[in-house]
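Heads up, the chain below is alone and in the form predicted on its own; it's given as structure tokens.
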């Protein structure tokens, strides 16, 4: 049980930090003056009560994101207070849905960061994106004792198995992980992800389903086109639906599915417009914003909340462009960050903005590229669903030939008027190292701009520290770019 777990001698760190975190968040709730009181009361009350022992940390994280809306760590403006915006409200509801689903007998399905939950909403299931938990803990370094435990157990180590999922295994062994009713995962973007979900399934015995994402392109104009790619994905989605029906007793309804995909495509429209607005100079939104759009789609894609949040991102960017407002005063450098963020240092991007008048236009996850699709027929809806996986952030660039990534990155650099590229190579992404070096050379040949590549564990601050990261970035921006 989680209480027994956090009381053990080896994990006093977690117990102490949970206590400190909760106490700090409660103070933030009491001191908030900017948030609408009615909304504050609503979400404070909704967070009360017993969520279940395996959701103790999930509940603590809910309080953390609630505190984000009224503390001095706002999402769009770190260091400044902000109102409870549609993005934060969407994220809070994603946390609340899990205990609510349990009370109402709605099956909870755990899924990875690279699969949007439209189908789950269409079938009245409660989606739980696992990486919100294991990656979310990295923000406050509370994932590190779980990493140490799993190291001692012998399940991989930091450079070989990804710490975006490995804490889940540690938490499951210590009875501290949320236990869903169903488990779903993909074969991409790496073997590490698929292996960790298989281990979790083995530890818990939860019914699981896996979709194999094909290597080849679906566009006929591509030299890597394979006519079987799209139908292969569609057939797997249909088989998945049959499996869901058999394991939940929830029936697939075509009309509900079509309505859900229409909602999804509305959010995709707003996201596409948001992407275009970020081409403006100066960049109208802070460096972290693209990641917020990504998180919206992978946590709540297919819900009206995702439409509200993406519209809010789009409208905020459009208003800033109209007024000529840049997120970074006196913008001097536009950075492409074509891989994942360094999640253990939540203030790294803010430091880059303040120190160098530089903006990270978008990271690889935040550059959401799934286009809106025709949903006039059920078969078109299945195609739209498949494209959401084939073109998903990160997956769409890392699932096939190297040229997928190279072409994407060169276009990105040119379209967004990029001055330099920074690529933090996560140790466990072994398949990316060669890709990064070749990409760096291609960018230099095509555009002449410099690239910084460095190794890091994006989730563990002890492998390469924040101070080391900042030193590398500072030297690069000071001596090479400026």
Partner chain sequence: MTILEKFYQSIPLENPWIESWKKEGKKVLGTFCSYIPDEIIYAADILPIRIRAKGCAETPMGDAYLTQTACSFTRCCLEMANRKQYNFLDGMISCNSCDQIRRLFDNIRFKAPPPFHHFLSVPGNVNETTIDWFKHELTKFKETLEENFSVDISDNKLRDAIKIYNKSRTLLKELYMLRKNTAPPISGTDMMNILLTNVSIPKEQFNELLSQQLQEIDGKEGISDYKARIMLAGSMLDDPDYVKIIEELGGLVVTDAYCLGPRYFWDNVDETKNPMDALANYYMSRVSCPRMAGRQSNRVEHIVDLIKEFNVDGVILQRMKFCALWWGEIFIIRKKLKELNIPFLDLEREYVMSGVGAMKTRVQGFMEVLEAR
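Numbering follows the first chain given and starts at 1. Since the structure is predicted, the reported quantities are computational estimates derived from the model, not experimental observations.
Omitted here: the form predicted in complex with its partner chain. The next part is about that form.
- Although the partner is absent from this view, residue 215 contacts its partner chain in the predicted bound form, with a non-hydrogen atom inside 4.5 angstroms.
- Although the partner is absent from this view, residue 39 stays clear of its partner chain in the predicted bound form, with no non-hydrogen atom inside 4.5 angstroms.
- In the predicted bound form, none of the heavy atoms of residue 260 sits within 4.5 Å of a heavy atom of its partner chain.
- None of the heavy atoms of residue 282 is located within 4.5 Å of its partner chain in the predicted bound form.
- Checking 292, 178, 189, 99 against its partner chain in the predicted bound form, a heavy atom within 4.5 Å turns up for just one residue: 189.
- None of 312, 243, 408, 155 but one reaches within 4.5 angstroms of its partner chain in the predicted bound form through a heavy atom, and that residue is 155.
- If you check its partner chain in the predicted bound form, you find a heavy atom from every one of 173, 433 and 441 within 4.5 Å.
- The stretch that touches its partner chain in the predicted bound form, counting heavy atoms within 4.5 Å, is 203-211, out of 203-211, 364-372, 106-114, 323-331.
- The partner is not shown here, but in the predicted bound form the stretch 390-429 reaches within 4.5 angstroms of its partner chain through a heavy atom at 398, 399, 400, 401, 402, 403, 406, 427.
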